[in-house]
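Following this are structure 1 and structure 2, which are two forms of one protein chain, each written alone as structure tokens.
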Structure 1
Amino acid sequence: MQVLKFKSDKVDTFLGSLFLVTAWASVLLLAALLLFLLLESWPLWSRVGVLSFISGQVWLPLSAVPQIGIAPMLVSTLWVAAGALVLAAPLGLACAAFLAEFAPAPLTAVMRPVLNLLTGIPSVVYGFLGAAVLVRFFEVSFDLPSGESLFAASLVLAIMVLPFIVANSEIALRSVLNDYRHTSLALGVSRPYYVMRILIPAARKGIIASMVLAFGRAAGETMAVLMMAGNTMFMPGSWFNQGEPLPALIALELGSASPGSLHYQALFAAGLVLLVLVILVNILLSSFLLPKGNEVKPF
């Protein structure tokens, strides 16, 4: 067969390996990113210790006796993200069920592209509107000195993640076998019963996946929380307190931390905690929840 080997074989092999190498090199940037955060924050971990860094209540990296703990920021992050999910999940799921089962075809044809389009509104615009309108509204109608709160941030984050929840949940609902529908309709089951008892349980993995993804997005979102959560470093006692989630902390302080200082290292450590949180959620997602080849579209 040696005779039949043409020049194109060499080109084929070359291109094939080019694609392979590029793909791995690019994807491994993730490892580089993790490694770099670890490297930049390394001295801090040995000095402060993981546990006291995460559970410490005071963030004073610049004082004579520096105290470094990110518990208030970590709790704020979890609180805004979970709050956003609580607000967005029922509405998103109902909207997805509506689009998948009940909406008349012309309405679906309009709603889906509109929702898709809205994912393109940048977070700074949401944050700006939230701070200019929503926060002002809270101040006026509840007579508060400041309308900024974790709740206000959650509200805006909920609106931001809604289109993603709807889109991914709808995909999950639509991927359920049509046989179930035919069988249940043939048995005279009502469509609401079919949706609640058969469709949604059958699609639950994909639905949960869409929620987890939304949680990750909300936890990592910077601009909206930076402009709405209030940026105070106390441990938030309730949803209606102010707080400073981790992304806001990093965005606000990175510019003023001199490279190599304890402050600088602490910010990278905070970034590492945030990243590990989000990636853990993701790995859990891909290894347990999702069946093969049915990965959620992140965008």
Structure 2
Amino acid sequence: MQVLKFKSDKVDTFLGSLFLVTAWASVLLLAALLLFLLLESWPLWSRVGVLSFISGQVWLPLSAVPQIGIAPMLVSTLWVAAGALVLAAPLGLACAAFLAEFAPAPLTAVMRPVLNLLTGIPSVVYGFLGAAVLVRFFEVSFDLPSGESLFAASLVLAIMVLPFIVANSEIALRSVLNDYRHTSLALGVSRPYYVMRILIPAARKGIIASMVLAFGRAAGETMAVLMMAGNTMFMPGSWFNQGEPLPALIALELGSASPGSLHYQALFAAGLVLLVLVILVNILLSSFLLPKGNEVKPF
């Protein structure tokens, strides 16, 4: 018994060290990426300034007098990513709760592989389907000259991030201790009440983590957004206007930008802003939405 306990302690120590090294490696990788983007874009920051770059509404990096501002692209990114999350989060959470608590085993065995398959479909395929179906639908149904819009891009992105929300939320729901479930059944609590008032609050951390992952996926998506958003560099006044999110801007122009030029540096600066935006969303959600103290409300 002592030999087995000694081996178990060694395994636990090894796994703990491995996880710690992996966590620090992830942090260092993120720091290296931020440093690389900052160094590549530093001449632009020193020349244009942070506030002027973020708040400027004109993007003419190749003109005689360059004007570089990404405010329209930044707002378009927020419309697209936040809109996709608004559309996908309720459906994804409902689907995760259904799989975790209500779905029979045969149905669950079919739905999980289908959801996993959706995560592996290339984004360009989603873009093709959106351009062929959604864009045409908006043009015909609403008599529009072009069906491309930030809303159409959000619809496609919502379908793309839905599997991430469902899979991670279901894992979070299933990780809740069975003691909550058994106590609820013993008290005669209905299954819907248990799910809404006990299970979901208890799994809130994992659910919010899935939403953060979905937002980051939507904010960084390139091809589907490039094909659906309309790619106009004007400040979008609503969700139903056309726009050009930051990933689309970078994908369209990086290949034609001369290395070391102001245009090249501006695109790296846009990538840095996009990465910082996703990090800030993670921090804000973790700070303000995660529960403090007891996560489960009393009956």
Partner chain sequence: MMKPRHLLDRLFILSLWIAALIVITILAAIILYLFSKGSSFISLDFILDRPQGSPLGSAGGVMPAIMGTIWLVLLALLAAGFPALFTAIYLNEYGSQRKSSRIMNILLQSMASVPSIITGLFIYALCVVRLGWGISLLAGSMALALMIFPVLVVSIREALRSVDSQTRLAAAALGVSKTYSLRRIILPQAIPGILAAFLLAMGYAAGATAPIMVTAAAIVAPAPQSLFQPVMALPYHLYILFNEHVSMQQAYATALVLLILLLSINALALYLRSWQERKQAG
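If you're wondering where the values come from, they're calculated on a predicted model, not measured in any experiment. So that the term is clear: the rigid core is the largest set of C-alpha atoms that superpose within 1.5 Å between two forms. Throughout, residue numbering runs from 1 along the sequence of structure 1.
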| query | finding |
| --- | --- |
| Pair member which, unlike the other, is the form predicted in complex with its partner chain | 1 |
| Rigid core superposed, the C-alpha shift at L280 between structure 1 and structure 2 in Å | 4.1 |
